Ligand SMILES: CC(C)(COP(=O)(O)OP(=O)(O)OC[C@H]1O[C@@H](n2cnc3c(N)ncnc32)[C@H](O)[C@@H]1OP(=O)(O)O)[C@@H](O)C(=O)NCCC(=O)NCCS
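Form predicted on its own, single chain, as C-alpha cells, below.
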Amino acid sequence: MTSLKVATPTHSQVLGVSGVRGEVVVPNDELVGPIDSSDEWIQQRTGIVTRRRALPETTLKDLCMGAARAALDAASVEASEIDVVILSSVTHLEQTPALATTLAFELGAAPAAAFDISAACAGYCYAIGMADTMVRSGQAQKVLVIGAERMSDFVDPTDRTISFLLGDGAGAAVIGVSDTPKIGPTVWGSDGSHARAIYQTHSWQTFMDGSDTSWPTLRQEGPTVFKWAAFEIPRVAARAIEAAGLTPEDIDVFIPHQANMRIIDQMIKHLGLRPDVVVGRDIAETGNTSAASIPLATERLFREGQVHGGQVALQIGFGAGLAYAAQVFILPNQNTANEKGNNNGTE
C-alpha cells in the first residue's frame, strides 16, 4: 500500500500581538442620561471609566487593517509570508464574502487561505487554537489571527444591560513555527442552554420583513452572565493551565476577556494566581470590545512595559453562546517600536 507523504508535526508560537482602538474616547458621563445612571455607578459595577468608539467613517475593515499591519510589524513578518488569515467578528454586516478574504488581498497576503468565524468574545482564543493546530500540523507556516468589532453598531443608548459597556477596536496576532512548544492546548466549549444570556434583540429576518422595524441591538442577562463568568470560567482556565503541564503559580501574566473588572477580580481569586501576576485591565479605558478585547489588552501591556517576551501568559475568552476558550502561551519577544494601540485603523 502506498503511504501519503504528510508534513511532520511541529510546534507553534505567538510571534507578535498588537491592535488599534476606535478614535473617539467616550466617558461615562456622556452615556448616563438615557439609562438614568451615573459615572460612579458604572465604575463601581464594571470598572469602566471610558470606552473607545470608532468614527462613523471608520469601518470594521479599517480597524482590521490597522490591527493586522501593527501585528505584522510587531512580529517582524511580511504580509506575503502569511499562509492563512482568520478573522473573528460578530459585527461584520455583510454575510458574504468573508471579510478575511478582502483583508488578505489588501494586506498583500493573497493567495492565503482566508475565512471568518463567529464565536463572540471567545472568538480570538478560538482562532488562536485553530492557528496553533494549523502550524503544528504543517498545514501553515504563519497564520494571521484578527479579532475585530464595531460594537457601537449594535448599541441601544437606552439599554442598561450591556450597551454602555461596549467599545470598538481590533487586535491581531501572528502565529508561526517554533522549535519548542510555546502555545499550550486550547480548552474550549460552549453551553447553548444559556444562549439567551447574551443575545440580539430580534433576527434580521424580522427586521427585513417589517414585523420589527427597529435595528437589532444587544442585550444581556447580567446576573446570569456574571455568575457563569466569575465562577464557572475559572475552572476552564484551570484546565488550560493543567493541559499546559503547569500550575497557577507558573503564570506570570493573566489576560482575560475584558468583560467586567469585577469578573476579572473574581477569576483571579478563584484561580489562586500569584499576588504579583500581571493582569490585563484594558477595559477601564477601552470598554468591552468582544473578540478584540484580549489582543488589545495584550497590546497595552506591551506598550506600557508591564510585560516582556518569555513570560508565561494565560488568556481566556468567554461570552455569547455561551462559548469559551483558553490557552497558556509564551509571550513573544516582539518589536514594540511601531505599536499603534491608540491610533485608528485608517492610519
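This one's a predicted model, so the numbers in the text were calculated from it and none came from an experiment. Just count from 1 along the sequence shown to find any residue number.
The same protein has a further form, the form predicted in complex with the named molecule, not shown here; the description that follows concerns it.
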{"query": "Location of the named molecule contact in the predicted complex, chosen stretch of 199-207, 131-139, 78-86, 155-163 [non-hydrogen atom, 4.5 Å]", "finding": "155-163"}
{"query": "Exercise: residue 66 in contact with the named molecule in the predicted complex, heavy atom 4.5 Å", "finding": "no"}
{"query": "Close approach of residue 108 to the named molecule in the predicted complex, 4.5 Å, heavy atom", "finding": "no"}
{"query": "Proximity of residue 61 to the named molecule in the predicted complex, heavy atoms at 4.5 Å", "finding": "no"}
{"query": "is_contact(residue 262, the named molecule) in the predicted complex, heavy atom dist at most 4.5 Å", "finding": "yes"}
{"query": "Listed residue that, although the named molecule is not shown, lies within 4.5 Å of it in the predicted complex (heavy atoms), from 223, 272, 189, 192", "finding": "223"}
{"query": "Candidate spot 20, 23 and 215, all three touching the named molecule in the predicted complex (heavy atom, 4.5 Å)", "finding": "no"}
{"query": "Residues within 4.5 Å of the named molecule in the predicted complex, restricted to 11-40 and counted by heavy atom", "finding": "35, 36, 37"}
